[in-house]
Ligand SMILES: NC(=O)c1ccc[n+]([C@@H]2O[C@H](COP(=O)([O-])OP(=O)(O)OC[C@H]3O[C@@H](n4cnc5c(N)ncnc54)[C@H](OP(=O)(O)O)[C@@H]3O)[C@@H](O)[C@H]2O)c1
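First comes one chain, alone, set out as structure tokens in the form predicted alone.
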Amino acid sequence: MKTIQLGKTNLTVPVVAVGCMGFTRLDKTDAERFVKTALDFGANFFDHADIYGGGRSEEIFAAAAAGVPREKLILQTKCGIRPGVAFDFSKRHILASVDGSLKRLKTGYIDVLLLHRPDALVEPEEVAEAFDALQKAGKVRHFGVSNQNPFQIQLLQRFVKQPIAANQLQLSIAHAQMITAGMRVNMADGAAIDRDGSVLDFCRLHDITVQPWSPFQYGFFEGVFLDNPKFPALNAKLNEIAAAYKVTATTVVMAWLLRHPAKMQPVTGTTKTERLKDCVRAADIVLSREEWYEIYLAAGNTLP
């Protein structure tokens, strides 16, 4: 598995992260098999959140990875969402959430903690106090955010002394506004609207690793585009390129993200071992510029 440095940290991570949101769909045997498969392929970066399965996803993972030495795992989790109630970046909530994740994950420390969704009432001074306390106690080693724009990150960074290592953002071939707007500068059409403050360029400028989530989804959890009759041209192109490389369309989708020079770390969402294998194989595929644009255009995107 190829690796990258996570942001400005000294943490070396695989280029594909394993998303654990769906672990509640696995029984003990399947969860153990899934974790073992991931580790066999060098995919030892596991992405969690305190709200996944109401905390059960972290518990199921911990049981499945019980026999794995802690130093062989890189664990990332997220906090800040109180489902149906509020987004909460208060010091009290961050500290309590981390303690809960540590308990469920059965570990003494978390490698990376992300703030999950922006909190409209964020007080960055409190976030800084929480991060300092967690780092001093050895509970969290590195910090990042999820779904935040450049000014939100800069506001945090004014008070938080730890570098923001990662920003987890929704990005896929069929949900590529983050890329599209950058190619339509100074144009009057809707695709040119900058909806995120040029967050992709910002992260590249500031050495913040972009972690694309839902890499196979279109819209906001509307469904996957693979084998979807709504995307005939895209699937035809993916299958054509997959055949040329002797891999699956799943592999090509992940390779499309990895081809971007931002050195992204896409997060898988599957709980199927064969599909996970297809995802991590993308680390060995380097699409040409022409192939990358062919896939982009096949998804219905256009060039100005």
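The first residue of the sequence shown is number 1, and the count goes up from there. Owing to the predicted nature of the structure, the values given are computational and were not obtained by experimental measurement.
Below: the form predicted in complex with the ligand, not depicted.
- Between the ligand and the residues 44, 37, 235, 270, the one pair within 4.5 Å by heavy atoms in the predicted bound form involves 270.
- Residue 224 is the only one of 224, 102, 176, 160 with a heavy atom lying within 4.5 Å of the ligand in the predicted bound form.
- Partner contact region in the predicted bound form: 139-147, out of 88-96, 139-147, 191-199, 103-111, criterion any non-hydrogen atom within 4.5 Å of the ligand.
- Of the heavy atoms in residue 131, none are within 4.5 Å of the ligand in the predicted bound form.
- The ligand in the predicted bound form is not approached by residue 152, whose heavy atoms all lie more than 4.5 angstroms from it.
- Taking the partner from the other structure, the ligand in the predicted bound form has a heavy atom within 4.5 Å of a heavy atom of residue 20.
- The ligand is not shown here, and in the predicted bound form it never comes within 4.5 Å of any heavy atom of residue 265.
- Taking the partner from elsewhere, no residue among 2, 209 and 292 has a non-hydrogen atom within 4.5 angstroms of the ligand in the predicted bound form.
- Interface residues of 53-85, taken as those with a heavy atom within 4.5 Å of the ligand in the predicted bound form (partner not displayed), are limited to 78.
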